[in-house]
Each structure stands twice: as structure tokens, then as C-alpha cells.
Ligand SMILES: Cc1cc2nc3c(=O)[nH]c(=O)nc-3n(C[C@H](O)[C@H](O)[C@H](O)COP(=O)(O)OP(=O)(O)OC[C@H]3O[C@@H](n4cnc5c(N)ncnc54)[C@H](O)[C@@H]3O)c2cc1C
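The chain that follows stands alone, in the form predicted on its own, written as C-alpha cells.
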């Protein structure tokens, strides 16, 4: 198996780096704001079209999405969440959308001129996605949505919010739920911005749907057919989250190596002390293991789809757990400087903490992995 990047993928990576360099990140104390200019620039450069089928986008597969999210996390972490949330929404549309929806919306997603968000979690239904209670009652040619969603990232700046809703009141949600694109400006929809410790440029919201009327033509896929689409979205989200962890650690390692080579104690650079060198060796090895497990999972998923769900969960679990531990160790290597609010090391750790939850917690990933292991024996 060859996981090396092709010449086209190397060119894509350089395009991302150049585009990010032309749109520097805001200062740490700047007011949080959606990175609209960079998002549009990534669309103009063709980056956002990857993962969307031709002729609507650039095509490509999960390995391309891994490259994009890894590179953005390393060079422009504030642009990661808008990109991968739209990648997840684009995947839902590409798999479940009808021809008219694809023709209208996918080119706009690829261009960065339209943004979407995904609302699944509810106040009483987090990891238990099958317990969603928000109701979408069919009424002729439209639905009326009533209920709440929580932690829905990107809704504040989205044009459409893909909402998972019960379209059959009785029975299991896995057999009676649909995905409906709700316009952010829909009457009866109220958004409250959540005060997060990180990722504040891409706001997460508490949504209240009070008899929100939505045309039936904005449903994605068949009525009561959400569950297979949710599985697709979850796979894309998990592999993209793993990739962002790799990129965050890449940036942190680059910074700490430069610091250790410049900072002197007892007459020599800190990097010359054996204990420090061995710590760096361990961190670099663990980082490389994160990368290759993620790449392999993406490669397997491109070949076998849902059958690779266990490998994708392994990649997500290992990447998130290791990223948290490695970034904390890197903070220690920076010494007291990393306790200062303006230092990038604690900010990176805080921003990466979202990966613990996005796409499912570590406990959920372990359960999914265990099910596959047991089924294979």
C-alpha cells in the first residue's frame, strides 16, 4: 500500500499553504468572526470542491479530505471547522440529494459562496443519536419542525442547516428520521450562540424550532431514510477530525523544536539534553503513528465504504487521544512560557479539545471498534 501523496496532491497542499499565507489568522484577542475571506479564497482555489463529485466539484476521495484538513489544521486552524463541516454536509448531499439539489447547491459549496451546518445533537440526545426527538410533521408539501438542537456548529453563519428530525413519531429513530435542509432565516427558528472555550470563529449554537415550516423539496433523500446518510456523514466527520489532530500536532512540534534549539540553559541549547531529545523522539514517533493509522483508514474507506467503519473509529480514537496527550507534553517542554495566555501552545490544546467530542466520544469509538472486533471473530 502506497500512502505517499501524488504530484497533484502535493500541489493541492501547496495551494492550501499559499492561500492561508495570503489570509493570516486574526490576532488571539480579536473578536471572533467567521473567516469568510479565507473560506471564499479556498473555494476560488478549488480546495473546497474536493470530495464533491464531478461535475459539481473536484471529485477526489477521503485521502484528499485528510490532506486538506491536516494542512489547514497546521497552517490555518481557524479555517478547519468551516471547511470540514461543509465537507460533511456536501457528502450528505452528494449521497442523498436529488439531481436538482446537487445542481443548485454543490457548485456553491465548492465555490465557498454557500455554507451549511449540520444539527444532530439534542439536549437529551448526544452520543445516543437514535434518541433524537425533534419532530418534523408532514403537512402536504411541507414539514413543520418542533424541538431543539444543541452544539450545532456553523449554524450562525450558515445558509442552510441540515437537521435530523423524526418524521415518524412511533418506533425507532433509526427507521423514522429524515434529513431536512432548514434555511437559517426560517420563521420560528431561533439561534443562541454558545460561549465556547475554543473554535469561536465558527460558532456553535442552541437551536429552537417552533413550528418551523420547510418545503418538502428541501428534504435530503427519502422520507424516513436518514440513518444510512448519517452513517456516511459520521465516517467523513471522524476521518476529518483525525486529520485535524495530525495537523495540530505537526504545528506544535515545529514550534517546540525551534524553541528547544534556541533556548539555552546551563550553557547549551535545551535540545542538547538527552532527556529532552528522547522526549522529542517519543512524541515524533507517536505523531507518525497517528498519521499512518489515519491514512490507512481513509484508504480502506475509499475501497470498502461502511465496511471500514472500525478502522475509521480506530483512527479517530487514536488521533484524538494522542493529540491531547502530545500537545500537553509540548506545553511542558515550553516551560513557564506556555502558561501565558498569548502563547500558541495552550491555544492549540484548547482548540484541539473539540476533537474529543466531534464525531463521537472516545467511549463511542471504543464501542464501535469492539462491535467489529467481536463480529469478526
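Everything quoted here is computed from the prediction, not taken from an experiment. Residue numbers count along the first chain shown, from 1.
Here the subject shifts to the form predicted in complex with the named molecule, a form of this protein not shown in this document.
In the predicted bound form, the named molecule lies farther than 4.5 Å from every heavy atom of residue 71. Residue contact with the named molecule in the predicted bound form: residue 160 places no heavy atom within 4.5 Å of it. Proximity of residue 15 to the named molecule in the predicted bound form falls outside the 4.5 Å heavy atom cutoff.
When the named molecule is considered in the predicted bound form, residue 354 lines it closely, a heavy atom lying within 4.5 Å. The partner is absent here, but in the predicted bound form a heavy atom of 119, alone among 119, 83, 93, 240, sits within 4.5 Å of the named molecule. Of the candidates 126, 225, 147, 107, 126 is the one whose heavy atoms come within 4.5 Å of the named molecule in the predicted bound form; the others do not. None of 294-302, 242-250, 174-182, 126-134 except one has non-hydrogen atoms within 4.5 angstroms of the named molecule in the predicted bound form; the exception is 126-134. The partner is not shown here, but in the predicted bound form the stretch 184-204 reaches within 4.5 angstroms of the named molecule through a heavy atom at 196, 204.
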